[in-house]
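One protein chain, two forms: both are listed below as structure tokens, the first as structure 1 and the second as structure 2.
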Structure 1
Amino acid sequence: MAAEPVKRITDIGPPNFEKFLHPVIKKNYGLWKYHDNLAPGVLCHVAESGDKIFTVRAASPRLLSTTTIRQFADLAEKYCGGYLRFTSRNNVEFLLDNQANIEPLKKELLALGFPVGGTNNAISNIVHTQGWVHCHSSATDASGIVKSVMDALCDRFTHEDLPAKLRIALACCLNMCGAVHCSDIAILGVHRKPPKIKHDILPKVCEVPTLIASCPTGAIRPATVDGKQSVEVVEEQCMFCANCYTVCPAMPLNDPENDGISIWVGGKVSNARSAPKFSKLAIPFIPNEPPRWPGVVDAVVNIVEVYAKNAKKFERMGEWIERIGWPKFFELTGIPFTKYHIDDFRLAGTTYARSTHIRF
């Protein structure tokens, strides 16, 4: 070919954020003095110079059509010179220098169906994953449960009346794409049956040694099935983690009747007051109930309401539970305590009660 090869652009990295900053933010970068919470979903940051930037935070379903993104762009142009950002929890934030624009913007957002809130002691948006919309690994859906749970908790997003922040996260399998293991309430998809080995395709699509090495409990052993090289799973040793499926497509765990959801509570990320901590098991299993997941919705709402009624000001879920003790948590929430709540994986003993400190 005679034509000059066109130079292919690669390795340019993300665009520099500076060109996307509101002029007030650019001018006062690193020079902020304090902030005020004007209303749920509305923040005002004040700079040393006296300049102010107002933030209006609205919910989004994370899965957004380009049509909706363009609507956000329209609103940003109409009210804030085109400047907006998204948060680590899938909210959209409009950045305004004119306080008078706050109310009209809020009105338009509400009319389009995007509630304003999620700041301070409100429940923010749910961090979540792909589920049946896009992932092969899911033990449950993601977006549908998030939608159902947040429909029930929408008032807690638009009001800041909880004792402290409350963060909910959802992951549709144990891979946990998202920080669900450190959330006040975590909703986690779980399998309950071992992989159903597809012996016919296994030798073609998987490397047997890699597959065997992938199992954290050593449950997978080489085996010959119908004269062909394959594997078998020692079922008593399987804890349904799906590591094997991640490395080998011939090991699916999906099972409509046995897959479902577990609920975990009391984790936190922030260092405020107490150290960050993992979420702990509250409910080992709730079946998948599409399209509205009533079992999960009721369970989450119950935990939120019991927490809201009993925790002291500034106490996160986990801090409240540590104060009252786990027996009281199970009593107040009415959640049954089972043998599944007692750890039996590696180093299990670290969560056993090793003192006589018992509340009666």
Structure 2
Amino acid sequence: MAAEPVKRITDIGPPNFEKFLHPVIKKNYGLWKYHDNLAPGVLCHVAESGDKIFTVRAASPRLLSTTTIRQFADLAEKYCGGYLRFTSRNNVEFLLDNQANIEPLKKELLALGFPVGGTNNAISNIVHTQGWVHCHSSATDASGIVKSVMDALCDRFTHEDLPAKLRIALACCLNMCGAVHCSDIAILGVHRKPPKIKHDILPKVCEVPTLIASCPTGAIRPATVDGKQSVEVVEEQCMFCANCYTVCPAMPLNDPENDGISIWVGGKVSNARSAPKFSKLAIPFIPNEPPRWPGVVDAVVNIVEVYAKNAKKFERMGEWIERIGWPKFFELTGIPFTKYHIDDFRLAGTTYARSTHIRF
């Protein structure tokens, strides 16, 4: 008689995702026939078996309080057997097998202040990084800007009236933990000054060789200051990544007067109709203006409205710009073209050669 296989139990890593799938999804996994868009924020997926699963998508602020999480959990228990999920853009999606529960769920979500939408040719939730809430290298806030921008664009979330889907992303510094390198509109925090070196405490709290090795462009060099071992920064080679501050708290990069925001446009991940595209610079600098960032809000709303008015059906932001040309884009949006729009980066070869692994 063959021995029964041993079931191994481990606490390493996350639990198997199948454990949390809605029964209809688990039954028809990989066997979906088509899906319909019933209304803004409401989808219906139909399986080959004829089974249906309904999705109600609502916006969430990403950084959630326990009160909000409990509200979502209560709604999920009430209307869809407790099944919900969060998308990669921080939308919350409720998974229902009873179509009659859709409208009551939407009504309660709206009463709690969570708009339903973000599907098809609309703006989805803004994916963003940590900002001042958590990140030590941020040049701007994240949650505050996203809240301000989406307050102004909420109708574009709840109504499917854009030429195509529009994806907005925010990263609070150029390390780009968010998807700003490939979004229709990207909001990117920028530092403009190199780290401020605190020579008096640097030898006490930092390991100089590690600090020098942390710089990806070789901008940090050993130096002697007031008879003590320290470092200097070659400003022309600094790319403001804050890697040095990560390993050495005596190299702060944050600067309230010079830090700010840049706006990028035309990126996408999708390969439908045209190849994926990187975002390109539209506005080099907007100063930080908390708590509502009116300059950033006005700039993003302006670009969205010009795009909505001039693009063809199904045309993504980058495809529209390529069709009309960049000079026309700057003309229509009223954004001034400056020297900062000219890509003159020439240090790649020299910085690669500084690596201990690559030599030319």
Partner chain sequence: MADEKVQTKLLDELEKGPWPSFVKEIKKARKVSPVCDDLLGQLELSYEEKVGHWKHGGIVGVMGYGGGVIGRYSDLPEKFPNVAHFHTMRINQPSGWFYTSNALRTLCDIWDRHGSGLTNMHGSTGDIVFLGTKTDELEPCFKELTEAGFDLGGSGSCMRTPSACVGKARCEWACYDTMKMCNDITHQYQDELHRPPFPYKFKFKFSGCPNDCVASIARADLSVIGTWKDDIQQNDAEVAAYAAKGLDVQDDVCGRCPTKCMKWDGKKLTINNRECVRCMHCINAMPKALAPGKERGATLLIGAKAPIVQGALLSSVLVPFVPADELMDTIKELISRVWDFWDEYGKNRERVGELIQRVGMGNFLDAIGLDPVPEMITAPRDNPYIYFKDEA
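Sequence positions of structure 1, starting at 1, serve as the residue numbers. Under this definition, the rigid core comprises the largest set of C-alpha atoms superposing within 1.5 Å between the forms. Bear in mind that the values here come from a model prediction, so they are computed numbers and not experimental data.
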Index of the chain form predicted alone, chosen from the pair: 2
Treating the motion between the two structures as two rigid parts, report if Val127 and Leu21 share a part. yes
Degrees turned by the smaller rigid part between the two structures: 13
Give me the C-alpha shift of Thr210 between the two structures, core superposed, in Å. 4.1
Per-residue C-alpha deviation between the two structures [Cys241; rigid core superposition; Å]: 3.8
